[in-house]
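Just one chain is shown here, as structure tokens, and it is the form predicted on its own.
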Amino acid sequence: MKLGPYRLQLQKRLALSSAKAGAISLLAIVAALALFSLLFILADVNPLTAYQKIFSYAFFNRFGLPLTISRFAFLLLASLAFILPFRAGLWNIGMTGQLYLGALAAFAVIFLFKGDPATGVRLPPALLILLMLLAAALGGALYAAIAGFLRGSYGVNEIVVTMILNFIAFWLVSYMIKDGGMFMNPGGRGESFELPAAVRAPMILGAPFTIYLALLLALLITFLFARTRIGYEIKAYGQSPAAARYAGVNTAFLPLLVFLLGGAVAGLAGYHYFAAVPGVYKIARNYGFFGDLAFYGIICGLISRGHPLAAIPVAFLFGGLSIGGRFVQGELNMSFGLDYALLGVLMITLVAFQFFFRYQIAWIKTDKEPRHVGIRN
């Protein structure tokens, strides 16, 4: 497109500062909210009223904010579980299965040591909580390691393997908590036994301690990528496995390592949701719900471009909008699924705007008259 002496041109970016990336993401959020306003208008709801209720409940309400914080912690852990293999060029699509295995391992600790009439358990609660955390991380890590081992040793596609492992995990959970299963609820319902109050995740400053654990992990993973040799090797493998192999990186072990780490974080996400979210404290067979939530971790990881610290505000926004969207659909008598629709529009818009992370639109000044190149006599 040409306008006078200027021509509109698409240029590839050589570099993108954090400030510009943040501005592009903010513009994408505004565009997504404006686009979603059409659904409110079609439902005869004032968009400004709807957004005011969504944001006030999710981020400022004394009932909504704790829910947002819990959802944020889960999404951040799921995002980190995706980012660790993603920086090595690998895709962990199995966070749902890994978080369920982590939750099963954590509940197995309580199953082994339950029984005291006073507290419901036979060991000090603080020790059991630590054991639950370790078991959850180990359960998720070992389950994810299957995909990492097959990828590193035999080149098997990790996406296919992790998806299959998700389904296996669903059936395993069903077997463990169904009628006659080891973790069956005493009331015969389709869920596990309830955690004794003594071993539920402690609250610190009104929030479960797992939120601080998630933030600490984001810092540690950032340090891993920025300051350690293994972090450099992970990034090198992600850029080119062949070049990394030539440079001396163990390309058979590295996929196993990143899946072990990612699976451990996913297992902690399982511990968080079933042991730290108020009102849950048991494993339910709501696979679709937890699967969807874990998959939003993939979206947060992609939008943050694989940067653990950048995943923090993205996960917080997604967590708040999912809680606020669920609240407003009941408050304004709107159709079920409003929260999913809102997150879907936001997700698509943010992904679409990543085009501007790589390219920019610029006005290039050109000469009005064409130049003529000739030879002097």
Partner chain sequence: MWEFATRSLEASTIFTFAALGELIGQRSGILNVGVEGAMLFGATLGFIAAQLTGSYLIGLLVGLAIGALLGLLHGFFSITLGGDQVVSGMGIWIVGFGLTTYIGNPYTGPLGMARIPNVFGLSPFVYLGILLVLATWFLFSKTSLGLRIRSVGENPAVAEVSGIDVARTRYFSVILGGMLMGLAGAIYGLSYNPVWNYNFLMGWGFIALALVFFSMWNPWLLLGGAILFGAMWQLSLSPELVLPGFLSRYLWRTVPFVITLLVLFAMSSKWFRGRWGAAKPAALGEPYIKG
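No experiment lies behind these values; they were computed from the predicted model shown. Numbering follows the first chain given and starts at 1.
There is also a form predicted in complex with its partner chain; it is not shown, and the following applies to it.
Here the chain stands by itself, but in the predicted bound form one stretch of 89-97, 104-112, 255-263, 195-203, 89-97, has heavy atoms within 4.5 Å of its partner chain. The partner is absent here, but in the predicted bound form a heavy atom of M347, alone among L332, A28, M347, L65, sits within 4.5 Å of its partner chain. Of the listed positions (L309, L48, A352, A34), a single one reaches within 4.5 angstroms of its partner chain by any non-hydrogen atom in the predicted bound form, namely A352. Using a 4.5 Å cut-off to its partner chain in the predicted bound form, not one of I24, L130 and P313 places a heavy atom inside that distance.
Using a 4.5 Å cutoff between non-hydrogen atoms, K178 counts as a contact of its partner chain in the predicted bound form. The shortest heavy atom separation between F209 and its partner chain in the predicted bound form exceeds 4.5 Å. Residue contact check for L165: one or more of its heavy atoms lie within 4.5 Å of its partner chain in the predicted bound form.
At a distance threshold of 4.5 angstroms between non-hydrogen atoms, F357 is out of contact with its partner chain in the predicted bound form. Contact annotation for 150-168: residues with any non-hydrogen atom within 4.5 angstroms of its partner chain in the predicted bound form are L150, S153, Y154, V156, N157, I159, V160, V161, M163, I164, L165, F167, I168, listed in sequence order.
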